[in-house]
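Taking the form predicted alone, here's one chain by itself in structure tokens.
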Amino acid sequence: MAKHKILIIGFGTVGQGFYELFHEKQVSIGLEDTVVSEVIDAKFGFIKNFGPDIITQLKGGKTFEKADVFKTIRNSEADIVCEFTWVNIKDGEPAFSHIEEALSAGKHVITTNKGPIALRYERLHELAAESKLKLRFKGTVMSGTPSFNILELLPGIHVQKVRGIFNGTSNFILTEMAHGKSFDEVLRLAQSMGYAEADPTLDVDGFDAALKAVIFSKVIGWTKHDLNSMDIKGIRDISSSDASAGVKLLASMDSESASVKPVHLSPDDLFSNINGVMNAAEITTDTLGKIFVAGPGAGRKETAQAVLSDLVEVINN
């Protein structure tokens, strides 16, 4: 009998990516006694007692009966809920209510959804603490590449400042524009490659990076930062000459202020060499000086790695 059971809410790119990576790595990371027992998805319905070929079945058009998400959470035997629904930057719904319901039902939660963590972090953190449950969300910032979670390895450290390239789409656009291409031309390219959505607002207007900056800040304890108080400016007005001169969309936060805006970087700045869809973070600390991490900030398997990291932490700690 499985020791840990997982309920997945949302079985799109992230949910399926995690399902695949979990089964690929399950034995090597010692989680033989953990299973994905249930899946609920707006398109596919409620899935239970399924086999390893479930994704193939879904791609072939198979669907299941619909079910109420909140009843499913309450009645589930799962002790861990993975929330992978769409991002809503206005109020974080429906993901916020899904997470709140799961914590209220005594279940640990892992999410990759930036909305509820950036907008309602205090409420969810408080609820998890009161219930002595874990709320993990590594996948909300820089995907599987270490970001704020690196601080868990550094007890007693004091963070003084953070800078980051947190949006791969805008960074890809600026990288291509540095070769002389226009914004519109590169945006179309990014959309054709799957880097940018049909509506690219969140990426190119800086809101996606701002959400991640808020989340990073809240983990550190800089709780005053939110989307309304931040200085947010995107890249729509950046020219090819600006991009070739070293402009990057940079998030910058300390205890007093936070911003996301295009910044002209000198050639010796490490961020000037972060190109394409790569992400990076520079954390200035009191004991180690500057810590710099860089890696993929999005992608099916990359985000799944973040969830896998959170899952191991939830189970083993």
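We call the rigid core whatever largest set of C-alpha positions still superposes within 1.5 Å between the two forms. Residues carry their position along the shown sequence, with the first being 1. Just so you know, these numbers come straight off a predicted model, no measurement behind them.
Below, we turn to the form predicted together with L-homoserine (HSE), even though it does not appear here.
- The partner is absent here, but in the predicted bound form a heavy atom of G168, alone among P116, G168, G164, G206, sits within 4.5 Å of L-homoserine (HSE).
- In summary, among the residues Y195, W222, F96, Y121, the only one with a non-hydrogen atom within 4.5 Å of L-homoserine (HSE) in the predicted bound form is Y195.
- Only one segment in the set 224-232, 195-203, 68-76, 178-186 has residues whose heavy atoms sit within 4.5 Å of L-homoserine (HSE) in the predicted bound form; it is 195-203.
- Though the partner is left out of this view, A294 does not reach within 4.5 Å of L-homoserine (HSE) in the predicted bound form, counting heavy atoms only.
- For L308, no non-hydrogen atom is located within 4.5 Å of L-homoserine (HSE) in the predicted bound form, even though that partner is not displayed.
- Under a 4.5 angstroms non-hydrogen atom cutoff, L-homoserine (HSE) in the predicted bound form has A298 among its neighbouring residues.
- Shown here without L-homoserine (HSE), the chain has only K212 in 211-232 lying with a heavy atom within 4.5 Å of that partner in the predicted bound form.
- Superposition of the core reveals a Cα shift of 2 Å or more for L187 between the shown form and the other one.
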